Structure formats: structure tokens, C-alpha cells
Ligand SMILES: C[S@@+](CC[C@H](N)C(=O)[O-])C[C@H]1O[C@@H](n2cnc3c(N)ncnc32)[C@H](O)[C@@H]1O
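Shown next as C-alpha cells: one chain only, the form predicted on its own.
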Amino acid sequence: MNPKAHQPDSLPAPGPSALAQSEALVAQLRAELDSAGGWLPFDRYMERALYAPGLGYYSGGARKFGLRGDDGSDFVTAPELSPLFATTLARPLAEALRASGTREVMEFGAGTGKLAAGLLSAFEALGAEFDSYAIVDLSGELRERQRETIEAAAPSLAARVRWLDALPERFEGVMIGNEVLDAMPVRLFSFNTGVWHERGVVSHNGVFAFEDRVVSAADDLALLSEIDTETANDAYVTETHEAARAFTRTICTMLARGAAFFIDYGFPRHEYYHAQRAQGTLMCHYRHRAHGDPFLYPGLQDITAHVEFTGIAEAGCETGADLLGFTSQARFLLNAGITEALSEIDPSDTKRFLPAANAVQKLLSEAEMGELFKVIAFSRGLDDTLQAFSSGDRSHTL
């Protein structure tokens, strides 16, 4: 594949070693396309682009998380933006540990380890009792970064951290996934001339492209029937989230007692499949620039889609877990005390206070992360809700 066929002029080109990694993944994708008859459903392409062993975006060695494109990173997450995110999040997690009488913590997709390090330090400050902090992450490179970050920031608790290669069958404790569900592969569908099509990937003269095929499977048509096509424009495109739903079912089945929290950007179903969202939510991130071409440098850029939270809630509740709450990130953090945490920094110390206040503004602002990001949580064995869901709960909108 000629990557220049997909390279916008505004995006920087990768270096030789990174480009070689991408080309190796492209060769694998071409071979898989050939063996599949020349067409792959998009979720399979996305899975390989993100998770192909040693070559995918999350399984390879490229830097992902950072504050600027010139540091080689592609996007920033809340734990990278401000340590107050972890400090605040630790409070409802510690409350859930106490309420459930459990002593284990598990994090999915721990990134650079900043969230884990921040939570561990905050647990220590809160006097929260726990026995171990397990991390589930596919990237060996990220595991090493996580280990280094945790040992530097929370050396007294680093011995309690362990990395898992597989999920346990049963878990009692508290689980957290920050920006995990949006990285699950999605299927793409388009509605044209009154007919649903699944959007897949083909190769024309060595260049990847989309190609649509008419949907005939009864299960797929039943899933798509949830979308109101009466008001959808022709050429309406959207995603479905079978992988994220399956992951949620697995986690909530595994949860014997405790709570599971997921923080991500997205909408309830009635907003997600709105007719005005006619081109779906699929987006790519490369050097802190968002664009819509998933075929640019496979394995070197993030490919993501917003989360359809109604389906996530259904998947969790199907296992018998309780829906603990669903609200905006801003409301969750305010309920959990982020402004109190900010007030502990002396305003006269402008070098510390102003950056902290600006970061909190981004976490809470409707124009930034506060409204687009949501928090959904499931539980077993908790009799009451948590302070973080005590006001502004939107479970009724699901």
C-alpha cells in the first residue's frame, strides 16, 4: 500500500522504523484480505490495526499518550491532563471498596501508569485498605512504562501491583476502565436507498478503501432495527458495538462482589443514533490531530468510536449486575470532590494553582471533557449508591 495515498498534507510523516512497522502490518492485512476473498468487515480491520501482536497501535511500541504532538504522542487522557483526576476518582473507588467489603482493585488499559500511580497515592492518603492492584494491558512496552511510573510515584505501594495476562473467572473488588470501551473494534453500517449495508475494507491497486455490502443476516437486521431510519438521511453511516458489549458482559459476569467503573466519551442510544449524526462517530488520532481516515499508517494511529452507553448498560444488566449509576464526567467529579481537591492548592502559588485550575476546567467544562465524557458503573453487593452518583444521575436516559 502506498501510504501517501492517504496522507493529508497537514500530518507529519512517521520515521523509517515506524513506517517499516506499518508496512509489515499492511502486508499481514493484505494477506488476510486475500484469504477472505478480498473483503474484510471493518471491525476485523480495526482489531488488527489496533491489536495485531507486535504491530498494532496498542500492541506495538509507539508512544501514544502525551500532551503535544511534538513529543511523539497522539492524544491526552484525563490522568495525563491532571493528577487531580486520579485524586478525585480514588474517593468513589475507595467508597465502593468499603461498601462492598472487598480489598482488590483492577484497572484495564492503564496507559502510562499515571492513573494507577495517582490512585495508589490517593488510596494511601485516604487510608483506603486494599491488598492488590492488578493491571490488564496488552502492550508490553506500556507495562514497562507503567512499572516505572508507579515505582517513581508510589514506591511504598509498588509491590502490591501485578500485571495479568488473562482475566480471572471471578473477581471481588473494584474495577476501573478509563477510555477503554472506545478502543474496542466497531462494525460500520450505511443506510442507502432504503437498504442497510455493512461497510468493509478492500484493496484497490494496493490501497485500502471502503466497500459496502447489503446486510442479509437476520441478527444484524434485528440489531439495526433499533435505529430510526424514518428520519435518517440517505447515506447515513453509523457503528455498532458488539465487542464493547461483549467485554462489558464478561466483566460484569466476572464481578462477584464490588463495582466496575467505565469512563469514556459517548451518548445514550437515542442521542447516538440521531438522524443528524449522519456520518457516525469513527475518528482517528495522530500527533494530536483528529481526522477521519482509518487507512492512514495502519498500526501507527489510534482508531476510535464514541460509546453507545445504552447497549453497555444492557450488556451489564443482562448478567444480573446492578446499574450503579450513569452521569457526566463533570457531575461525577464534582460530586466526588474535585473542587475541594483543587482548593487544597494555595492560590497564591500561581505556578501550581493556575495549571491545576486550567486542567480542572478542561475536565469539567461542557465545551471540553465535562459533558462529552460519561461515567457508567455496575455493582454487586452494594446496598446504596455512591456519593459520586448522589446527584445528576442520568440512568433514566438510557
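Values in this document were obtained by computation on a predicted structure and should not be read as measured data. Counting begins at 1, following the sequence as shown.
The same protein also has a form predicted in complex with the named molecule, omitted here; what follows describes it.
This chain is displayed alone, yet in the predicted complex one of V174, I150, A110, V186 has a heavy atom within 4.5 Å of the named molecule; that residue is A110. Only one of E179, E198, E95, E239 comes within 4.5 Å of the named molecule in the predicted complex through a heavy atom, and that residue is E179. Picking from 269-277, 205-213, 130-138, 117-125 the stretch near the named molecule in the predicted complex, with a 4.5 Å limit on heavy atoms, gives 130-138. Looking at W39, you'd find every heavy atom of it more than 4.5 angstroms from the named molecule in the predicted complex. Using a 4.5 angstroms threshold between heavy atoms, T229 stays clear of the named molecule in the predicted complex. The named molecule in the predicted complex is approached by F247, whose closest heavy atom lies within 4.5 angstroms of it. Though the partner is left out of this view, F353 does not reach within 4.5 Å of the named molecule in the predicted complex, counting heavy atoms only. In the predicted complex, the named molecule lies within 4.5 angstroms of at least one heavy atom of each of the following residues of 43-60: Y51, Y58, in sequence order.
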